[in-house]
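Only one chain is included here, represented as structure tokens and corresponding to the form predicted alone.
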Amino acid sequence: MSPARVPEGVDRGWIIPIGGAEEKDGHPQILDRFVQLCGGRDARIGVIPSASQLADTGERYRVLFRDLGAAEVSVLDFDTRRDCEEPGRLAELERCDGIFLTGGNQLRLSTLLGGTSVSRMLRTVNASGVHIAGTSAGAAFLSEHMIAFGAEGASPSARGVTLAPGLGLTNRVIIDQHFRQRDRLGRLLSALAYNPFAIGLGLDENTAAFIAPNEDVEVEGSGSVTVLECGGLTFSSMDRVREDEPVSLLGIQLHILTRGAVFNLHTRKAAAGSLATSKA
């Protein structure tokens, strides 16, 4: 699924994948920044809890966003593909300043929303300036190439990952979540071995990559974002290894970004950002 064309004179909305387990009590920096981007006290936010099979997921986020000051929060649960074609639900989605996809199972998102009017509208409104965030499974679903599942561990392998079509807000990245907590370096490297054009974003828990309209990736939260960049890849053995054998990848760059650091997806350059001026 390719991103929608950005209308002339308009900035694309921010794309905000979150690594899961984001802070919800106390000082929820990530969720608060999302609300402020969407307009703060004027924000109209739509929550899509379709990835989750827990009945209270949507209501929990509705309360969280209302407590953070959003003016309106609607829970839009698409349980069937037929739901994704209902004019009333589509009209409600179109009114939003920001849309939030919860965690759960990313394959529920791709099989329920993929190819429907909802997925087309999400791409269109994001191109027109609406901000879209997703946590855990919702984060994995945001890009064109989605990690459906894969093996844990540090080494890439020929069967280390299974990819599926995602929402397609961007084709520049492949996103993995719960990254350090679930030891997912190997499966993200495996995904990049299949598609070296993309940039890998490995998101720790309670950590988000705020992707700006100018393609800057800004880090928010308590953990780090691991950036894997294959523009200088000189060799890959993915095409010649047997099933479950490790894959050799030469020339990959790795950056670890924490809050304040920046990586640009267009120039593929990392910068310390505000970290460079912070006190030791």
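In case it trips you up, residue 1 is the first one in the sequence shown, and so on. Please read these numbers as outputs of a predicted model, since none were measured by experiment.
Same protein, other form: the form predicted together with another copy of the chain, not shown, and the subject of what follows.
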| Does another copy of the chain get within 4.5 angstroms of any non-hydrogen atom of residue 180 in the predicted bound form? | yes
| Proximity of residue 155 to another copy of the chain in the predicted bound form, heavy atoms at 4.5 Å | yes
| query | Quick one: does residue 58 come within 4.5 Å of another copy of the chain in the predicted bound form, counting heavy atoms only? | reply | no
| residue 257 near another copy of the chain in the predicted bound form, any heavy atom under 4.5 Å? | yes
| Tell me, which of 212, 68, 43, 249 has a heavy atom within 4.5 angstroms of another copy of the chain in the predicted bound form? | 249
| message | Using a 4.5 Å heavy atom cut-off, which residue among 196, 114, 168, 186 comes into contact with another copy of the chain in the predicted bound form? | response | 186
| task | Tell me, please, which stretch of 215-223, 46-54, 28-36, 60-68 lies within 4.5 angstroms of another copy of the chain in the predicted bound form when heavy atoms are compared? | result | 215-223
